[in-house]
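What follows is one chain in structure tokens, specifically the form predicted alone.
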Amino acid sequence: MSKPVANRVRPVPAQGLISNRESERADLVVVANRLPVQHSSSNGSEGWRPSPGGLVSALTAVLQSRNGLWIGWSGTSEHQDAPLTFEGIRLKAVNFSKAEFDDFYLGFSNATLWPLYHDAIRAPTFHRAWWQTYSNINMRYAIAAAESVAPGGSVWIHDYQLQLVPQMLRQLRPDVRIGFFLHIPFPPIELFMQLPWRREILAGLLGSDLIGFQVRQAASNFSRMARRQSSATGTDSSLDFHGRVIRVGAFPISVDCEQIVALANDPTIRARAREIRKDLGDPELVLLGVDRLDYTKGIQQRIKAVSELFQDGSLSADKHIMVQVAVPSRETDAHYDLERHSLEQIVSEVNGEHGLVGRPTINYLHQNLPFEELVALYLAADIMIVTPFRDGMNLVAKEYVMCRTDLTGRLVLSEFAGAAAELGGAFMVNPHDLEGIKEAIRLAIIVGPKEEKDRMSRMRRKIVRRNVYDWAESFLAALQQTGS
């Protein structure tokens, strides 16, 4: 017999909470861990600039058209003077201290939930103090949303850092529609059951009217878990819970297709792509990896596979070269610092064994690159290798495909990335299988022009059907169809 979902977080009374004048409240509120702006300092001056990425662009667009407001953390505990507006939308900052950041973000979000939701590739850590801070910070976001949304309005909550917010917000504002989207995978029952606070997380998510995931399997994992660990009944796509119907579904996120195509056709960027190949020594073949520096991305496994291809002669140092971009991530976390040093050691060993004078086998970049430079790299690369052990979607794969307007280029893709469900033209691999990665790269090297074109054409047709703006609009349209 399933046990009712418990909630150990004490509800905050709604009476007297909503202090904003009704005219100042927003019809649509986006609640995310971060604001769409980030603090920067350069040339001795400090200021705020837009955060990169298609998600910010898409959500900004829908907020602009709906009297919207974005709630999130400013990104720093030192500078809390975040702007009040951004590209025509209002912003509301949720602040927390350095100690709270350590427990909420580095701790529970990224040392407990992140590894657990990514197949426990690394063992998750469970600390009661982290959980308590996670609960407190989620309540802070919920109160901010409750104060900001107009009567009968909609709130769209994003990602694993804020899974308790839907229920907390429903307790405070039962009049509003609540949507939640998880950008990372949702684990199978066997893994999720490890979480000591599994029922509280489920209760938090079940406060939503609509819960969206990247792929159907994640949606199914959640619905099965909800039926097993709560009083919810129903199907994978519709749950009955406490007299409400909760819709559950897959809403695969995409990229800004028009922007990427425009950049890929920009003469300046195309010239930069040719310059990159020249700087690399005009090789016959360029392989490329672009990832956030994270143990879930399978970068070290990929480098090992490439190293063995040089060793067995499938790749030749005088004709072939690889570029690996590892975007800095969570640099205050000691585990990620260790990941960086381990990766850099492997790259150094490969270059020492297989590189030539003035021509390293692997050109390694540990830095943030402007998107224009990434597009130039996508254009310069003959083979893109995307091999995460587990990924909610992986937009790098889609960006690469959209850049290849001439239908050249080959994609080697992990079958455990959400993008694999859509990009059937890729050379699919099991990222845990070193020999499988090597064989997929070998096939990508020798593929003929007709097959290359056919594969890329299939993938591009799939992506252009549904860009990131379509994704946002489809989710909000589905949310409006739910009951409140």
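Counting begins at 1, following the sequence as shown. Remember, it's a predicted structure, so these values are computed and weren't measured experimentally.
The next section is about a form of this same protein that is not shown, the form predicted in complex with a small molecule.
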{"query": "Contact of Arg198 with the small molecule in the model of the complex (heavy atom, 4.5 Å)", "finding": "no"}
{"query": "Contact flag, Arg455 vs the small molecule in the model of the complex, heavy atom cut 4.5 Å", "finding": "no"}
{"query": "The small molecule contact in the model of the complex: His183, any heavy atom under 4.5 Å", "finding": "yes"}
{"query": "Close approach of Arg272 to the small molecule in the model of the complex, 4.5 Å, heavy atom", "finding": "no"}
{"query": "Candidate stretches 283-291, 380-388, 172-180, 154-162 - the one whose heavy atoms come within 4.5 Å of the small molecule in the model of the complex", "finding": "154-162"}
{"query": "Residue (of Trp131, Phe251, Tyr295, Trp114) lying close to the small molecule in the model of the complex, criterion heavy atoms within 4.5 Å", "finding": "Trp114"}
{"query": "Tyr105, Tyr364, Phe96, Phe192 - the one with a heavy atom within 4.5 Å of the small molecule in the model of the complex", "finding": "Tyr105"}
